[in-house]
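Here's a solo chain for you in structure tokens, the form predicted alone.
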């Protein structure tokens, strides 16, 4: 740690709680935050100007690359019209039209400022529309920082005693969340349709919605299946339950139609953010017109609003981002080199007899260290991971200029040569990490 960094961190802790603006800024492998001086393309630069190839990309919020010139230009133009808040502008409509054009579930759009706001609003809307109170969540899925999302919100906080044939127990809330929140939730094992079917048959009359991630990128990369998601869709239709897909992380990673397009299933509501604007603050809840109209019910509306909702900077960035994604062959070319990178890294692990598995879908991936077997569920993940070896691997990567954090993304600015160079650096990091065994 350099003198500059040590001094800055010490000073930051005098004014910022923990020296950071978010608990998630602490790197899990170093136990320290990374402070940046700038970011550009596939690279970030620390306070000393040291360059890192970034495989974090801001929790995957910047999959098109940092400081993308098309997006920067669009945001600068906002100031030319006079920047303001609490009013709509043609930019808000233009972005909504693009979302409706590309996202299967989007008949109407309502903007929020963050993914947490979007998931919270979706829960309120489901309850207001159905008149029911309970929400079903997948045990271990992350949906933001509000109270309804925090119980059992990661793979390490799941009901591991659940054999897979019942509703999960809440094993973790977090300080400040009352246990009465648990009375509004049912947590179920993910990718297990039998438990949801049984729950819907017995408690469907009190269930407003089921909320889940179509792909779990918060715990590496664990996918779902078309069959499972279509079965969820069928059960929801049978019992009048709203189907909500949280695509804050998965949106625009597998293609412009998001994970719902990839899997071929259309939910009632979807939540978009992060990649929607390539890292500029803005999120959205989108869905069927008849459901979204409840926000404007003249008698008993679901209140949804905020001073900065639909802010012009975010909308301008979103328009520019989707315009880039609309280019013919954009995703195909990008994902081809991403898949090659995944295969190369896995080959390095195999050649060096290193116990690790690469799992990727679209531009985001996970590396599970401790076993050579695929990770299909959270039990696999928790029981097969070697935390010490995992930390050793990624610390060596960071020492050699590759930045990893909690989830891993290959941006559109990581070209083939950079990915090949990164793979070779990982080869050396693997060799060094093995020495810790």
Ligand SMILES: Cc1ncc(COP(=O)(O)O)c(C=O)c1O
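Keep in mind that what you see is a predicted model, and the values were worked out from it rather than measured. Numbering follows the first chain given and starts at 1.
From this point on, the text means the form predicted in complex with the named molecule, which you will not see here.
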Tell me, which of 122, 152, 213, 321 has a heavy atom within 4.5 angstroms of the named molecule in the predicted bound form? 213
Answer with one of 263, 228, 142, 334: the residue that has a non-hydrogen atom within 4.5 Å of the named molecule in the predicted bound form. 142
Which among 173-181, 308-316, 247-255, 71-79 is in contact with the named molecule in the predicted bound form, heavy atoms within 4.5 angstroms? 247-255
Is residue 224 close enough to the named molecule in the predicted bound form to count, meaning some heavy atom within 4.5 Å? no
Using 4.5 Å between non-hydrogen atoms, is residue 105 touching the named molecule in the predicted bound form? no
Although the named molecule is absent from this view, report whether residue 130 comes within 4.5 Å of it in the predicted bound form, heavy atoms only. no
Does residue 168 reach the named molecule in the predicted bound form, with heavy atoms at most 4.5 Å apart? no
Who in 108-124 is close to the named molecule in the predicted bound form, meaning a heavy atom within 4.5 Å? 114, 115, 116, 119
